[in-house]
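Below, in structure tokens: the form predicted alone, a single chain.
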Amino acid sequence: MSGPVVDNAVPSGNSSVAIPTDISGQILDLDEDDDLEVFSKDTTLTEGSSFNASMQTSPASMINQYKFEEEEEDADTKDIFVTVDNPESLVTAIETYVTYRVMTKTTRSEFDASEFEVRRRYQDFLWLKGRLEEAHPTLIVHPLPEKFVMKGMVERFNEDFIETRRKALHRFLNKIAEHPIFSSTEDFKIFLTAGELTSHKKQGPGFLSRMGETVKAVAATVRGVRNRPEEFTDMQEYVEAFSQKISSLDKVTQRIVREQKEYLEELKECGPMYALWSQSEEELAEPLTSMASSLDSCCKETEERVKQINDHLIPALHEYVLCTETLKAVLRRRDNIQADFEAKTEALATKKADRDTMRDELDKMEDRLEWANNALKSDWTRWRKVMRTDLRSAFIDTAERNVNYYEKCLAVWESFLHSQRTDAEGNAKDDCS
């Protein structure tokens, strides 16, 4: 993933970070067929190697053969650890809201201490995200969970919703902490250490300033760009395709969970029915009771499997559905910078007066566009690497749990068959004697 380094440096507090210009790295290439055919049955898991007839057929052994292309970052190299936990609901005369404890442990010299503990509400996380996007418009900020109640959540302050949001906020902060530029910004440091953020929020751009930037952005979007570099057109096409595929996968997975829950409810009724039947059939009592017990065991395993998909796979997929909107916004901001540069170039060509002044401004715009392009290319490469690692981890974890689930259910039914065959053989011997 390494590449040449340009001279442009991104200011970040008191430090600067060089932006590599290469955009190498593989893209997670999903199939473009319908929802249920998101992945090809013959998908190659690692470059140059795929499952074939000569490989071991045990599901567990196949999973064990899977190797990540990139090793995950060694925990020993991390110098900052952030945890979001202990949510508390607060009720005031005006509103009801939830705060979360944010605990930080770090060895970085720019921090005054090695440990910090603050409480933050959702609006504070929004403030941090907005500040990072404002300072670095062409870097990819990891998405926050939706502000409003998610589909299926009845009450905004119930425990399930709060825990789902807590996990998402925890992941958001850790993504920021792992980012080579965001983690060194003053805003991130303030978020982790300041007792309150009110005074810092007042230092941001005013309402009229934000409105002016919004109007300029809309004008640039309407005007469009004339000569977008091909690599950014490729990025835009990739994001559109990735958005469709990950959204389809998210919908299919949610539908699977709904169907599995319905199946589970039906399955839960079977065990008691067999147990009740065994009470009225003395000769069949033992196998009917065994059937009831086997079904109960399968119910527990199915319930655990549904919970795993609901708690781990669906959030991972939905997180990258939100990521696609972030990527589209980043590409729009890059286009706006180029559109602004092109507009200034046209103005310079049509105006002879104040040519020197405009030339200086044009040089600054050209430098800004070059930095924006290099920053986006570098962060695009980093984001794709993280995306592949996250989704592979979610898929492998789901595969392992599915194998475990089916092996347990298989063991339950094999035990049932063995017990019934043993009883049948015993009865046959008794009949012969």
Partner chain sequence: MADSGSEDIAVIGNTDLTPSESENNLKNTMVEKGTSLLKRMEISVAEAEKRTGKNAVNMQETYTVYLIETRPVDAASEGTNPVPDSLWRRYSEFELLRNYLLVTYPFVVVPPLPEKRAEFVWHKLSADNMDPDFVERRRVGLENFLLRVASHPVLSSDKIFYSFLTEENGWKETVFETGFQAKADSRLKALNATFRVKNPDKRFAEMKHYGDELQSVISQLLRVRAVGENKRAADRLYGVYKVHGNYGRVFSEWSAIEKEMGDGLQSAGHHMDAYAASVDDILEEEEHYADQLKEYLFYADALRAVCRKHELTQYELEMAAQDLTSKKQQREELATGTVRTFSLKGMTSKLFGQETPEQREAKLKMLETQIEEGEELVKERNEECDEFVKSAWVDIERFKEQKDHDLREALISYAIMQISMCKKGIQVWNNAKECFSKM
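Remember, predicted model here, so these are calculated numbers, not experimental data. Numbering follows the first chain given and starts at 1.
Quick note: we don't show the form predicted in complex with the partner chain, though the next part is all about it.
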Among 238-246, 168-176, 137-145, 321-329, the region lying within 4.5 Å of the partner chain in the predicted complex by heavy atom distance: 238-246
Of 182, 125, 341, 274, the one that lies within 4.5 Å of the partner chain in the predicted complex (heavy atoms): 274
In the predicted complex, the one of 98, 270, 103, 190 near the partner chain [non-hydrogen atom within 4.5 angstroms]: 270
4.5 Å heavy atom contact with the partner chain in the predicted complex for all of 252, 280 and 417: yes
4.5 angstroms heavy atom contact with the partner chain in the predicted complex for residue 81: no
Exercise: residue 388 in contact with the partner chain in the predicted complex, heavy atom 4.5 Å: yes
In the predicted complex, residue 305 touching the partner chain (heavy atom, 4.5 Å): yes
Partner contact for residue 260 in the predicted complex: the partner chain, 4.5 angstroms, heavy atom: yes
Stretch 373-406: residues contacting the partner chain in the predicted complex, 4.5 Å heavy atom cut-off: 384, 387, 388, 391, 392, 395, 396, 399, 400, 402, 403, 406
